[in-house]
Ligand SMILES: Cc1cc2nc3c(=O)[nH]c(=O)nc-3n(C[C@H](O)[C@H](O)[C@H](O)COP(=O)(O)OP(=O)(O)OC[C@H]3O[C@@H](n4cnc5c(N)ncnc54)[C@H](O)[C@@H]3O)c2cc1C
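The chain that follows stands alone, in the form predicted on its own, written as structure tokens.
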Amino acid sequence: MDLKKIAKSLQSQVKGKIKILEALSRHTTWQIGGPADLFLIPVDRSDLENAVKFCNLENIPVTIIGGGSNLLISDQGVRGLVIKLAGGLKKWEINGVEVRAESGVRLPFLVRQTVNEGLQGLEFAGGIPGTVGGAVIMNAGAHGGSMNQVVERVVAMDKKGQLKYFTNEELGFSYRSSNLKHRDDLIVLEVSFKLTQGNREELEAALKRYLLSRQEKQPWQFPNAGSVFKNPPGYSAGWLIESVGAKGWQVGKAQVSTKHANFIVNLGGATCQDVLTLIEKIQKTVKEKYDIDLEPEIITVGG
């Protein structure tokens, strides 16, 4: 693949800057990941549509990322075009109790806007890093709340530029998942939320409490991707990992956090392989002791 030639052709179709061999470690919260052959932050929806249509015609693989949280990217990087929606698709509006946001809007930002308006329902997500689109795909949750409780409708686009609409029921939400999670053929464009009128002061207090709890319990002083494993039915993944003595385990520069065992932190220069080796070691040890299969919550991309 002649990257310079393809980049030049693609650049003629979009307003955002096409980059060649962009280090994806710059675009993930773990700060891990090799280069993308081609990289784009679209300026708007038409930019995204034009880029996707171009790649569809030229048989170039397209990988979509949001804010780069919950994401482990291969040390070999990602072939084809990587499109980052965070910083691109960022329009939002509040109309009464209805909230609409494009998929690249940062979730903590949107939560803050809803609380400012005295709207109740999204405050649980104030400390969840990442974008609106990623949060819906993963059915992100915290403090007893999750996206399935407030999402009304999703607008997505297929690789040919055709729009698809999904109701809450059609999204098939489940624990940390949805029907969109493994749909590589669809890109979330916009999410509509239905909230309720609340007391702004009470919402402010709840948001502050949730953010403080996150700061106290989670290792945000090191790059990480949030919780690595889903909680198995009836168990806390963090408790299981801690109970087998895995806190502080280290492979290369990746370490099981000494603060919260369900986090793997990058001590500086950790590789994707370091993290994968640590994940396998944790899974094997927990399986041997409890006969429980720990399922990763994170998504692995590239290779």
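The first residue of the shown sequence is 1; numbering continues from there. Given the structure is predicted, the values throughout are model-derived calculations rather than measurements.
This next part talks about the form predicted together with the named molecule, which is not shown.
K.L.:
On the criterion of a non-hydrogen atom at 4.5 angstroms or closer, are 232, 262 and 296 all touching the named molecule in the predicted complex?
P.N.:
None of them does, since no heavy atom lies within 4.5 Å of the partner.
K.L.:
Given that the partner is absent here, does residue 68 sit within 4.5 Å of the named molecule in the predicted complex, heavy atoms only?
P.N.:
Taking the distances in the predicted complex, the answer for residue 68 is yes, it comes within 4.5 Å of the named molecule.
K.L.:
Might residue 82 be said to contact the named molecule in the predicted complex, defining contact as any heavy atom within 4.5 Å?
P.N.:
Contact check for residue 82: no, nothing within 4.5 Å of the named molecule in the predicted complex.
K.L.:
Please run the contact check for residue 187 against the named molecule in the predicted complex: heavy atoms, 4.5 angstroms, yes or no?
P.N.:
Result yes; residue 187 sits at the interface with the named molecule in the predicted complex.
K.L.:
With a cut-off of 4.5 Å between heavy atoms, is residue 207 one of the residues that contacts the named molecule in the predicted complex?
P.N.:
No - in the predicted complex, heavy atoms of residue 207 and the named molecule never come within 4.5 Å of each other.
K.L.:
Have a look at 210-218, 197-205, 115-123, 166-174 and name the one stretch with heavy atoms inside 4.5 Å of the named molecule in the predicted complex.
P.N.:
Within 4.5 Å of the partner lies stretch 210-218.
K.L.:
Of 50, 273, 29, 243, which residue is found within 4.5 angstroms of the named molecule in the predicted complex when only non-hydrogen atoms are counted?
P.N.:
Looking at the other structure, the residue within range turns out to be 29.
K.L.:
Of the residues 151, 101, 111, 138, which one places a heavy atom within 4.5 Å of the named molecule in the predicted complex?
P.N.:
For this set of options, the contacting one is 138.
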